[in-house]
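As C-alpha cells, one chain now follows by itself in the form predicted alone.
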C-alpha cells in the first residue's frame, strides 16, 4: 500500500502519539481493500505505540474477511447519545475509545460515536459528527459537530479549518463567525460558560485529551 493507505494512517498516528496513546481505535476505511497482511502490519505498529486496533469498518468484502481472520470486529452496535456516557464508562481504566476515519464526510453522512472521533479528511456541509468525547478533524470542518454529547464540558473540537454550520460542546451551542483572512488551525472549548475558539497547537493541546 502507498502513502494514501495504511502508511498515511500510521504516519498521522505517529505524529500525534500523545493523543492516541492508550486508545482503542476503530478504523473506518470505506471501500478500500486491505489484505490481512496490511491490517496485521497496521495492528502491530499500533501495538508498538500502545494503541489497540479494536475494529475495522469497511464496505469491501476482502477487507472484512481480512479483519475477521485477525480477530478484529467488523461491525459495531449503534450508540445513542443518551447512553454514550455509560458506554465510555465500560472501558478499562486509563483507556479512551476513539474512532479514526480516513475519508471525507459528505453531505447526509452522520457519525455517532461514544468516545473521541478523529477524521483525516474534510467534513462537508450537511455532514454531522456526534461524539461523546472530543472531535479532531485533520482537514476542513464545514458540517455540524457536537462534542461531549453526553454532557462532557471538557470536550473540545479541533480542525485545520474550523468553520462549522453549527458547533455544540456539552449543552452549549454556537455557529461560526464570518471568517476574515486565511483559515488557521483552531480549537474550540468551553471557557467561563461559553464556547471559545483559539489557535490550535496540536502538540500542546492533545495532552488534555489523554
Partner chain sequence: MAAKVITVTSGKGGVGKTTTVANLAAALAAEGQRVVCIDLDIGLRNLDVVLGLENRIVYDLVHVVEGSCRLRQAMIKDKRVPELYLIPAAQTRDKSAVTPEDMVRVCNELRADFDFVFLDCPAGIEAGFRNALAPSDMVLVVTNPEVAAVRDADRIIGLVEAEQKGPAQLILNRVRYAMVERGEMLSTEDVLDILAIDLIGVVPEDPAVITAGNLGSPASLDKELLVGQAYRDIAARLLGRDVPFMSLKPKTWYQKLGTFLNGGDTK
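Numbering follows the first chain given and starts at 1. These figures come from a predicted structure and were not determined experimentally.
In what follows, reference is made to the form predicted in complex with the partner chain, a form of this protein that is not presented.
Using a 4.5 angstroms threshold between heavy atoms, residue 108 counts as touching the partner chain in the model of the complex. Within this chain, residue 142 lines the site of the partner chain in the model of the complex, having a heavy atom no more than 4.5 Å away. The partner chain is not drawn, but in the model of the complex it has a heavy atom within 4.5 Å of residue 124. Among heavy atoms of residue 165, some come within 4.5 Å of the partner chain in the model of the complex. Contact annotation: the partner chain lies within 4.5 Å of heavy atoms from the stretch 99-107 in the model of the complex, the single such stretch among 131-139, 112-120, 99-107, 67-75.
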